[in-house]
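Quick heads-up: it's one chain on its own, the form predicted alone, in structure tokens.
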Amino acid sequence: MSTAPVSFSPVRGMRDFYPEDMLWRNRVFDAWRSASAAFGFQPYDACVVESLELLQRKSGEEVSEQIYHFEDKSGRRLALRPEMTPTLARMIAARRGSLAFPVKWFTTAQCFRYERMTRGRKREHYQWNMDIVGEQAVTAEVEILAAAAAALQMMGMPDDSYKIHVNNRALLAELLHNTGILPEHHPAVFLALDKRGKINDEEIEELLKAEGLGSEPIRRTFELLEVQTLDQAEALAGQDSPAVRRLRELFTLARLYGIDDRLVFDISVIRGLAYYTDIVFEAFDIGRRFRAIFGGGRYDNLLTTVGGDPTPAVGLGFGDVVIMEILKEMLGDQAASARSGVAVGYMFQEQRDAAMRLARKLRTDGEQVDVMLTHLKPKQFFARASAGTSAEAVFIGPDDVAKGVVRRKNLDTRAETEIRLPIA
């Protein structure tokens, strides 16, 4: 039997959340929930273990190689979910006949991927998913983008500190077709081009050659990525391009929502997942110093991969790792630790009941109260209260009980007010 000491560190790539970490996590999660509610999204959740076969239906994707999978005691091939969209598709397909479309759903899901860890990437993370299923109009895209922008604002991220880069995979498909690349090669080309910035262009060229593309189509494909504006893209695709028309409508709607200053056209945004069919988007900090804050797009065919009927859908995935790194750097490590509530303590055992009655009254009045569980000397109490998260403190001594009045002290300003103690 091994006598090696137990490690106190979490499994590589996984995380523990101490109380100070939870302050940041709650700041992000609260913004996600508030923005979802403000935009009319309904909450849902699902099991973290899925059928491996369901997750592997999106064949050829990088994520399929990163799945934590196993066999249970009955020999079933199962996996920890790497993302939420296949699960959503399964749930929608299961109740397709009873749902009133379009549905607007959101969840905060823990996801797992065995991948190489870099800054902003862990092997487990929490992800805010918002999806609108059953709506073809571009209003679905702008609704989701506006909700994401609202969440960032609630977290304290200034509007001018990030950009949402948008593209249309259907536009890129039109342009690839014009270069002579047949549609059956498009998924592999998308996947290769999506690796730009992660591997060098020579390696991407080898991937395209392996797909059967010749030197001239490859050269013209790289030229497409040099397109800077939507006008330039339209000049190549033609004025009748449906993909360009949808992008222009998105920018028009963004002005109505007040988020047009954050949207930019970016033909290099492709999204590696094969199920995306139309408009796609990724948000980055203004200096592009971090990984994408969130990403998503339209996936009108995903439900068919799980046996459902063709159904238009738009979704967003917004992880917690990158945004917490950005917020800490932008706002400071202590920004999430704003004080709130009242600490209540007492000098001797004889004042315990008075402290408990006061704590009960304050909680009944809707206040947060951290009541000491044993008697303390004044210096000990105020040291503990100051080291905690309470904004104010009340310390009860024998004279306070005799008078029926106690002082309530602001721990930052030291200002005091008198309050009456509840009568037994």
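The first residue of the sequence shown is number 1, and the count goes up from there. Keep in mind the model is a prediction, meaning the values are calculated, not measured.
The form predicted together with a further copy of the same chain is left out here; the points below concern that form.
Student: Which residue, 324, 80, 191, 224, is the contact with a further copy of the same chain in the predicted bound form, using a 4.5 Å heavy atom cutoff?
Tutor: Looking at 324, 80, 191, 224 one by one, just 80 meets the 4.5 Å heavy-atom criterion.
Student: If the cut-off is 4.5 angstroms on heavy atoms, which of these, 177, 198, 288, 76, is the one near a further copy of the same chain in the predicted bound form?
Tutor: Selected option: 76.
Student: Determine which one of 224 to 232, 301 to 309, 181 to 189, 168 to 176 lies within 4.5 Å of a further copy of the same chain in the predicted bound form, judging by heavy atom distances; exactly one does.
Tutor: Of the options given, it is 301 to 309.
Student: Is every one of 15, 102 and 258 within 4.5 Å of a further copy of the same chain in the predicted bound form, counting heavy atoms?
Tutor: Yes, each of 15, 102 and 258 comes within 4.5 Å of a further copy of the same chain in the predicted bound form.
Student: Is residue 94 close enough to a further copy of the same chain in the predicted bound form to count, meaning some heavy atom within 4.5 Å?
Tutor: Result yes; residue 94 sits at the interface with a further copy of the same chain in the predicted bound form.
Student: Applying a 4.5 Å heavy atom distance criterion, does residue 137 contact a further copy of the same chain in the predicted bound form?
Tutor: Answer yes; at least one heavy atom of residue 137 falls within 4.5 Å of a further copy of the same chain in the predicted bound form.
Student: Does any part of residue 398 reach within 4.5 Å of a further copy of the same chain in the predicted bound form? Heavy atoms only, please.
Tutor: Residue 398: no contact with a further copy of the same chain in the predicted bound form.
Student: Do residue 160 and a further copy of the same chain share at least one heavy atom pair within 4.5 Å in the predicted bound form?
Tutor: No.
Student: Heavy atom within 4.5 Å of a further copy of the same chain in the predicted bound form: which residues of 217 to 255 qualify?
Tutor: Contacts from 217 to 255: 249, 253, 255.
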